[in-house]
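So this first bit is one chain, no partners, the form predicted alone, shown in structure tokens.
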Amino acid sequence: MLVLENILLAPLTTFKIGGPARYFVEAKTIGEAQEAIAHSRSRDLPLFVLGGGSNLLIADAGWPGLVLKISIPGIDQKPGHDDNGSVLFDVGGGESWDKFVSRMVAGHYAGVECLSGIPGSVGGTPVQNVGAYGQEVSETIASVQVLDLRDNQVRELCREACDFSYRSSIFNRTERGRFIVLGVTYALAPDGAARITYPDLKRHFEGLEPPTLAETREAVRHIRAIKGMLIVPGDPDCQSAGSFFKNPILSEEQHEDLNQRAATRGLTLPSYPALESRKKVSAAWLVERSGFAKGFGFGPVGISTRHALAIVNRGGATAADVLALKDQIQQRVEEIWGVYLEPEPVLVGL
């Protein structure tokens, strides 16, 4: 295990924001991860676990303790099928998520094709139950291999134990800070059909034959690129943490109140059923109708010119700049619509 000092974290994130880590370890094996944990404990160092750096905002002061970057590789197919006829793949937590999706689509395994183009590592996907364009990773996760920080032991958690819900799991909720994701086992359908349920995808393929997995992946990446949600080096709209706010999920009463507020302004609220009797509404719609148009901003920080939910680093932005814009958006949306927008990225040292 190699312990480095004063490593700048900004280059390791898609936001390109963040100060230095006092100590830094990149673990490419489970043993190295365990050794790093033991090292941090023996020196009473605060620990932060870094994956692909795609869904977080790091403080300008950086991290005062040890940053552990999980870089465990591997995409290995298990022999046979599970009880549902799916094929199981063990994937290291440090693997690129989009590389894994590309491999699965090329092999004609269905279940993650709509999650194409999402930046970051495999290890981050179960934490927030990553989802997009009609799919969530919880639909294909069979189990998650974790390092339990209570005793520095490796455990295998089944899908049910992860208690997945919208952008949520035990890893960012009830057991936040307890587990480090080392790897994930996915169950994918061989020669399965592409999932075409999301409105953007339906419009893309309207009037055409049912698309292949490869065509679906290409379409998703194309749509993400149009919205500035595909990482393109040199594109300022891509220096972000993706969607900065979650789509609010409201009760019937909250939803009715929001509908009335919209009606008084001559607007129709777009929404769709989510989570049984609760309603999921568009955070982007709320942001844009609170005075924050695409391209809004000040100085080095702003909103993407292509997606109202992406706060972007236009060049030289600090974490303080991002937080100032975040606070302004949240306050204005709550004043006008009575809805609190919950941030989606992990805020580190803030």
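Just so it is clear, the model here is predicted, and its values are computed rather than measured. Heads up: residue numbers just count along the shown sequence, starting at 1.
The following text describes the form predicted in complex with a small molecule, which does not appear among the structures shown.
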Exercise. Counting only non-hydrogen atoms and a 4.5 angstroms cut-off, does Pro211 reach the small molecule in the predicted bound form?
Worked result: no
For this session: Could you confirm whether Lys69 comes within 4.5 Å of the small molecule in the predicted bound form, counting heavy atoms only?
Result: no
Exercise. Is the gap between Ser282 and the small molecule in the predicted bound form 4.5 Å or less for some heavy atom pair?
Worked result: yes
Problem set entry | Heavy atom of Leu147 within 4.5 Å of the small molecule in the predicted bound form | no
Seminar exercise, completed: Assert contact residue (the small molecule, in the predicted bound form, non-hydrogen atom within 4.5 Å, options Met229, Ile141, Val91, Leu201) equals Met229
Seminar exercise, completed: Checking Arg155, His222, Arg167, Arg103 against the small molecule in the predicted bound form, the residue with a non-hydrogen atom inside 4.5 angstroms turns out to be Arg167
Exercise. So which of 61-69, 316-324, 32-40, 301-309 is the stretch with heavy atoms within 4.5 Å of the small molecule in the predicted bound form?
Worked result: 301-309
